[in-house]
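A single chain, nothing else alongside it, follows as structure tokens in the form predicted on its own.
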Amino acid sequence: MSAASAPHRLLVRDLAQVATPAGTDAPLRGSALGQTEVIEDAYVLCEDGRIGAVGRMRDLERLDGDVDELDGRGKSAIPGLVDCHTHACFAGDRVDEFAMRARGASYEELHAAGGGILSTVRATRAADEEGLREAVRRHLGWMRRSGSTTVEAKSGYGLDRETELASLRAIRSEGAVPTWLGAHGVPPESDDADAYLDFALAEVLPEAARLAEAADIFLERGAFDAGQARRYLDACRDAGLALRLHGDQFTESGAIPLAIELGARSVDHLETTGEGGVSALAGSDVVGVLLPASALFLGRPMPPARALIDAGAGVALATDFNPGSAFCESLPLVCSLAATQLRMGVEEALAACTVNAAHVLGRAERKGRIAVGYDADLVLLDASDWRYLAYHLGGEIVAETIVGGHRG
């Protein structure tokens, strides 16, 4: 094999620890969620974009040929983090709204001042497609520096044909996993949710289904009800899209039963989920995606993570990165919130934002673990103990992010 065609190899050596969710199953549930394999004084060999070997330094065999080496002394390695719920494609910001909320403004006052989702819709519609690509690129860069190597991103700030499709193209072009959130809300030019869904399904879905991997809807009082969500999701499933739901954020409005009935991959938020919803999710294949940064940002109750895990439900963690209710790109910070606010173990948090989040995105067979054959996506933490991932609250804990065996 010529040098030009030889596979790229990267050896990360002398790591204090390599930590990865145990086993091969996905999603991990119950006690398995808290099981982590830790190798001390370790190495990881990345070959042509995949994990070629992982083990103790004393067992590392001689490597012939060209190998780039990275000194991991004093550092620990975890799998590349997977952020399975973000709204990374938007223009503008909502800092004025945030400042008003901090001074105690009510929802009605924010709406009267032009805030809310529709303010971001106006800014996003005003941007051209290159501007949307630049915004996604910028936001993904922030996430990469925080250790996220795989990111889902939703449309949903266009609510028209042109901007929704431009958003999905921008998300795809920047390497994120695209989700069509065509039913994020009713657009400003309409006051009829059913009429808007008629338009979205007839005029946007055919092309959105060629660009996106999944569809999502905001099932909530004041947005779309369960009947409307069923119609939207049925059509999206028939078009070949996987299904996701925003549900139980402010009210229990039927999201969990619908998600289970339709075989959705996940229902996300769950801040108001009660005992019945916990039990239903635990008996299903639907993953509950928990978004504690959003609950913190809005001063809402935290989702019932401990009850869900103890009942046997599959759970994942994500940032919910967006300009209005969770302007946070850091999964390490989310892990800290999981440990301090959701009563999750650090090991559970790691699995929830790696292998379980990868499962939500249909990628658990190759992402979310440091194991032979998996994608060579790694995060090197600037600490000899991997649990600093959650322990160092808001700190610059990520020393380096490796994607596909390449640094930077």
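Residue indices: 1-based, along the sequence shown. Remember, it's a predicted structure, so these values are computed and weren't measured experimentally.
The following text describes the form predicted together with N-(iminomethyl)-L-glutamic acid, which does not appear among the structures shown.
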| property | result |
| --- | --- |
| 4.5 angstroms heavy atom contact with N-(iminomethyl)-L-glutamic acid in the predicted complex for Thr149 | no |
| Any non-hydrogen atom of Asp320 within 4.5 angstroms of N-(iminomethyl)-L-glutamic acid in the predicted complex | yes |
| 4.5 Å heavy atom contact, Tyr232 and N-(iminomethyl)-L-glutamic acid in the predicted complex | no |
| Arg94 within 4.5 Å of N-(iminomethyl)-L-glutamic acid in the predicted complex, heavy atoms | yes |
| Candidate stretches 165 to 173, 322 to 330, 279 to 287, 124 to 132 - the one whose heavy atoms come within 4.5 Å of N-(iminomethyl)-L-glutamic acid in the predicted complex | 322 to 330 |
| Candidate from Arg265, Lys75, His184, Arg144 lying within 4.5 Å of N-(iminomethyl)-L-glutamic acid in the predicted complex - any heavy atom | His184 |
| Option touching N-(iminomethyl)-L-glutamic acid, based on a heavy atom within 4.5 Å in the predicted complex, out of Leu197, Ile117, Leu110, Leu241 | Ile117 |
| Contacts with N-(iminomethyl)-L-glutamic acid in the predicted complex - residues in 60 to 99 whose heavy atoms fall within 4.5 Å | His85, His87, Arg94 |
